[in-house]
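Okay, so here's just one chain, in structure tokens, the form predicted on its own.
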């Protein structure tokens, strides 16, 4: 399926954007459906913060549960059946998930429904729920408390240099602690970003080739090279319009957005996960055996230790940056 339009955009409500992973396009889509007495399906963290699961919401107050990325595979359970029941009763339904989850829903339904809007996120891969639970318990033991909230993409420092924010209620004094760990230092995020803990199918993702969603949303990585005027540092979304239905829905929410149309090539340049699966690292062969047999501390030492960059590599990087700056000056500011 081709792409009809591509946009850089963000929600003009700054508070909503700060509580979202990128430009808060999902929130606008969801609010539009809820205003029409529709139902929104998406992923929320479980009450104990040990897993992620699909839930449905019918009012804006519940929307906070669905905002933000959850970097682990979510439980689908009876979600597809529930979506079908809502559709057959005539309700407008917005379903959001990864490409394979959208494709799974469409295959389950077996036919098109005019009252179904599907939005997927550009997916790097789905990390192991077992690893997440192991990490969550380790964090509770390390900090002497119970996890009460997780934000995988906290923007307190910046949108691009994000971190993990964890709310922990200490035991027994019941004090609430807020922990912030940079993505470069958090062991779980490092195992995810190094591709060790993904499902086997993620290394050869069939959903990259067959797109069944109406819209695709993602972070607009590389925005400064494409539309720097669309980056104020608090998050910009990339939106790919895939169907006429997606185009109509996006037009309805565009008044709540600042947006700029870009080419597909420019849009996905910094987001190759739109069309390409990540490479399976050598360490993937031993990672899951080790996860069963090692403590999280041991896993952390083996798979999340800082990668040492050689002196020569550092020099090469600095040289590349210097050359780019020179070329920008020669080119009159164009990169």
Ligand SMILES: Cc1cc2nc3c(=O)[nH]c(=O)nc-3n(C[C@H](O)[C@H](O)[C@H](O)COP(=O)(O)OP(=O)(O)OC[C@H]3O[C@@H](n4cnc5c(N)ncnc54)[C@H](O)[C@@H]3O)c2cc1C
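As the structure is a computational prediction, the values presented were derived from the model and not from experiment. Positions refer to the first chain, counted from 1.
Separately, the form predicted in complex with the ligand exists; it is not shown, and the next lines address it.
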Sole residue of 253, 83, 218, 168 within 4.5 Å of the ligand in the predicted complex, by heavy atom: 218
So which of 230, 191, 241, 121 reaches within 4.5 angstroms of the ligand in the predicted complex, heavy atom to heavy atom? 121
Residue-level question: is residue 226 within 4.5 Å of the ligand in the predicted complex, judged on heavy atoms? no
In the predicted complex, residue 56 touching the ligand (heavy atom, 4.5 Å): no
Can residue 49 be called a contact residue for the ligand in the predicted complex at 4.5 Å between heavy atoms? no
Distance check, residue 291 to the ligand in the predicted complex, heavy atom within 4.5 Å: no
Is every one of 104, 109 and 113 in contact with the ligand in the predicted complex, taking contact as a heavy atom within 4.5 Å? no
Segment assignment from 131-139, 94-102, 178-186, 244-252: heavy atom within 4.5 Å of the ligand in the predicted complex: 94-102
Heavy atoms within 4.5 Å of the ligand in the predicted complex is the criterion; list the residues of 64-103 that meet it. 66, 67, 68, 69, 70, 71, 72, 74, 96, 97, 98, 101
